[in-house]
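To begin, one chain is listed below as structure tokens, in the form predicted on its own.
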């Protein structure tokens, strides 16, 4: 049995949606590790909620998400930083655990790694976003082999230490997602509502096809969302809020397709495998993680990045996709046991290297 301390993202409480896909990854992984008999405790900002997982809630001011800043922005922490408080707590209890697992994509945890005697595994949920982050991560990668895990090869290749990354993928609890063979006549889009997600392209494609678009997710950039509302007629889109997984899948499974329109290199795209688990085809720009998930012409379509016309053409060809094939791909490649095998191997590797790290 391993004793694992999961250190959460500092950009928002777990369950708020502010952390994006990494929230789902952390929860699913914690559940699977507990199912295997490992001891898991999660340290997260105050207000976090996880079912059946022990949480230590840490107060403090939230961190600004890295993806909202420029590459050359100086490293900074707010006063009474929740990130600093989380890692101060980790330092006081580290000797009680076999491994610390970091889910925060921020400079401080990487810098502190060399000061801990307990091994640390950093799971990185985004591609390269900051020169300062790349520099400190490269130093850690050279000093402590096997420290970094990522979702996909596409994500790893955005970093200067790509070959040092362990590719781990993602997964969902398939028992939570119900297959839907006969969809309703609407499209879906799921994610943080922020410029790097390119929601306006999905709305534009919906307008061109005349098929309504339902939108689920946390509004992270209110000004961006208001601009979309000004630019497109209300009948073309419907905002359905940020929903817990079970409620989301109940609506998502009724979609004809899920649209993914990232402006950046998407590290993975958990929403893609959530859709596939419901039997929903995925239409995405051929950029980043989705290129390693979607089977073009079989479980969805990969289209030219930033091409609304490409999205429209794919939507018009949805009858070519067998929804059963979508569910089967999720069952074969994205089950929690498969994810658990990959992470367990990585965790054991990190622990076994402790003598070398020292």
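Residue numbers count along the first chain shown, from 1. This structure is a prediction, so every number in the text was calculated from the model and none was measured.
What comes next is about the form predicted together with 7,8-dihydrobiopterin (HBI), which does not appear here.
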(request) Evaluate residue 66 for contact with 7,8-dihydrobiopterin (HBI) in the predicted complex, applying a 4.5 angstroms cut-off between non-hydrogen atoms, and reply yes or no. (result) yes
(request) Using the partner position in the predicted complex, report whether residue 103 sits within 4.5 Å of 7,8-dihydrobiopterin (HBI), counting heavy atoms only. (result) yes
(request) Answer yes if any heavy atom of residue 192 is within 4.5 Å of a heavy atom of 7,8-dihydrobiopterin (HBI) in the predicted complex; otherwise answer no. (result) yes
(request) Give a yes or no for residue 20: in the predicted complex, does one of its heavy atoms lie within 4.5 Å of a heavy atom belonging to 7,8-dihydrobiopterin (HBI)? (result) yes
(request) Have a look at 320-328, 58-66, 303-311, 36-44 and name the one stretch with heavy atoms inside 4.5 Å of 7,8-dihydrobiopterin (HBI) in the predicted complex. (result) 58-66
(request) Heavy atom within 4.5 Å of 7,8-dihydrobiopterin (HBI) in the predicted complex: which of 249, 130, 152, 125 fits that? Just give me the one. (result) 125
